[in-house]
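The chain below stands alone, shown as structure tokens; this is the form predicted alone.
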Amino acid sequence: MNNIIIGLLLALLLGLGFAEETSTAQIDTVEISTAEVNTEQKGLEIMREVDTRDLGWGDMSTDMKMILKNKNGDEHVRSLRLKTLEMKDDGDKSLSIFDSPRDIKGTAFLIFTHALEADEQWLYLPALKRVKRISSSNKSGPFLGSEFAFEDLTSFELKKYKYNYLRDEVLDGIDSFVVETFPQYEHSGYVRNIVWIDKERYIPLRIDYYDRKDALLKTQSFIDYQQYLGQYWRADKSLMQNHLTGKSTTLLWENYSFRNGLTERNFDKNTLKRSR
């Protein structure tokens, strides 16, 4: 009888020990899960603030130079004009018109950005005198030989990505949040991006783009920000470097103007052929 009682006590003690270990393991699992949720939520909150601070500018026009540089340092310069219309409850509409060089003068590019639906993009080629719609499966292709893909040129929409806060980091002397973003739309050329966000102004400073093999493909840097209308920050310069090819594309903006009275009629598909 004593042996039986001792055996039962040992079994009970072992059982309690196992239960305690199991309970501890469950607690650890819950803590890890909660940490993951918290980083996702924090990443979302950071990017929501980025989005919120840039609402309400209405419409915008600007001039831009696009400088294409190959791995040998040879440069080709293009000039163009951009118009953008802020849309409520949808992505922005934008129209780009090339003024030089002569071989692409009159080329126009129209974008209707959406959150989760496929973006709509059209390219007018004056040499062919026709409007070409860009397939949603071709958004990862290069835009007119530059290091920017078609999908890089659409407006930022919060619902297009999932987010994960990674860390705080000082980038070029600026305290920043580092957030990982995961495209949720079909046919993206990227599996993820890593974005550095200025903690004070909530503006992007740098984006690392990772291709479908999760290799670092490109880095975009935003340089020389200026503030407009006492609230909205715009970079004077953006540099996209391709780590695989050694090529780069630099965008230089000037002559920003806001609230010019643009309407959706200025971004109709029929305006592409009339663009000058």
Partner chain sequence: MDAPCHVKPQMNKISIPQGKLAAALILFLLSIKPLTAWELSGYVGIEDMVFFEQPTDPQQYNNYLSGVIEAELYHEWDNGNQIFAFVPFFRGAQFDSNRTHFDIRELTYVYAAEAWEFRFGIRKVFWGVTESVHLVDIINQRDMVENTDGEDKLGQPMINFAWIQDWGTLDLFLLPGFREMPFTGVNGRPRIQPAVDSSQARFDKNGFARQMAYAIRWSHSIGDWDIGVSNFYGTSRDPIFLLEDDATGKIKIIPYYQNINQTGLDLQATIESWLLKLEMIVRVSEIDTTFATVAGFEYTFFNVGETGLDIGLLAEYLYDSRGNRAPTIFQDDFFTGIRFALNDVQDTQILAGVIVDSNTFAQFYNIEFSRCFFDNFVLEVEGRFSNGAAPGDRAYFFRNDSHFRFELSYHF
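Positions refer to the first chain, counted from 1. The term rigid core refers to the maximal set of C-alpha atoms that superpose within 1.5 Å between the two forms. Small disclaimer: the values here were computed from a predicted structure and weren't measured.
This protein has a second form, the form predicted in complex with its partner chain, left out of what is shown; the following refers to that one.
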{"query": "Residue 78, heavy atom within 4.5 angstroms of its partner chain in the predicted complex", "finding": "yes"}
{"query": "Non-hydrogen atom contact residue 111 with its partner chain in the predicted complex at 4.5 angstroms", "finding": "no"}
{"query": "4.5 Å heavy atom contact, residue 186 and its partner chain in the predicted complex", "finding": "yes"}
{"query": "4.5 angstroms heavy atom contact with its partner chain in the predicted complex for residue 120", "finding": "yes"}
{"query": "Listed residue (207, 60, 68, 46) with a non-hydrogen atom within 4.5 angstroms of its partner chain in the predicted complex", "finding": "68"}
{"query": "Its partner chain: the contacting residue among 168, 200, 89, 103 in the predicted complex [heavy atom, 4.5 Å]", "finding": "103"}
{"query": "Stretch in contact in the predicted complex with its partner chain, which is absent here, among 191 to 199, 141 to 149, 171 to 179, 155 to 163 (heavy atoms within 4.5 Å)", "finding": "141 to 149"}
{"query": "Sequence-ordered residues of 260 to 274 touching its partner chain in the predicted complex, heavy atom within 4.5 Å", "finding": "263, 265, 268, 269, 270, 271, 274"}
{"query": "Large Cα shift (2 Å or above) at residue 129 between the shown form and the other one, core-fitted", "finding": "yes"}
